[in-house]
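Quick setup: one chain, the form predicted alone, written in structure tokens, and binding and motion questions come after.
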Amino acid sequence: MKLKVYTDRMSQPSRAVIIFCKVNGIQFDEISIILSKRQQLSPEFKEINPLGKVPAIVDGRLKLFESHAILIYLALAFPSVLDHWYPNDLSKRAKIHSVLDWHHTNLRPGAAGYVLNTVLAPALGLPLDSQAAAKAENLLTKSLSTLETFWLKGNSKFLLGSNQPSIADLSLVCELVQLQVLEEKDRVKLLGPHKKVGEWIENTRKATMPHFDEVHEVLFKAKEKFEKQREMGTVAKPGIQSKM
């Protein structure tokens, strides 16, 4: 039975799972779960993931959610996956886990929280929250500095001194690409000081082309939409409920 992947391509971890499958030649059926329509809360989807979040997969009898767990499972379950994504070397695996754990309590709440509370919330029927945005921006700024000075220290192209990408590179880069929907001045303010981070994002993109750009197309279209709305003055400001 073919692998089933439940995703919304506007979801950063969903994009990471889809790209991983495509890059590694894993055959799968993609089932769209549109978050803006609350499809993740439907009884049918909650039979797959009772927590009502994407991504999730079904592989035979296995139902699995949480993107990092999914990426690890796929790397182990499918022989086509090259070793560098999740190495057999246990010390390298442990270091990848350390990055993934750090991601969930630092980069992810920082990036996702900032984008949600400055841009995306109205599209989900939520108000923009300036206090939450400021808190997330502070965490995101600290996380980018940690990436630049610690996780990307040295001259290697990818995390942890590697010259090939791992599931950690893919997961974290997909997190940061969502910053594309921000106003350019805000994006430059956040990413501009971090040259290594910018190079690493581009290295990971190139290593996963053409799938990287294809899967992110929905995000780039959203970016264009928000830019047009800003030009027309129809984007809600933090603290104001949008009528979108």
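Here the structure is a predicted model, which means the values were calculated and not measured. A residue's number is simply how far along the shown sequence it sits, counting from 1.
The same protein also has a form predicted in complex with another copy of the chain, omitted here; what follows describes it.
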property: Contact residue in the model of the complex, from S80, S91, N138, N155 (heavy atom within 4.5 Å of another copy of the chain); result: S91
property: Residue among H211, R187, K196, K63 with a heavy atom within 4.5 Å of another copy of the chain in the model of the complex; result: K63
property: Contact check for A69, I72 and W151 against another copy of the chain in the model of the complex, heavy atom at 4.5 Å; result: yes
property: Any non-hydrogen atom of P50 within 4.5 angstroms of another copy of the chain in the model of the complex; result: yes
property: L126 within 4.5 Å of another copy of the chain in the model of the complex, heavy atoms; result: no
property: Partner proximity in the model of the complex: T146 to another copy of the chain, non-hydrogen atom cutoff 4.5 Å; result: yes
property: Distance check, L76 to another copy of the chain in the model of the complex, heavy atom within 4.5 Å; result: yes
property: Contacts with another copy of the chain in the model of the complex - residues in 95-125 whose heavy atoms fall within 4.5 Å; result: K95, H97, S98, D101, W102, H104, T105
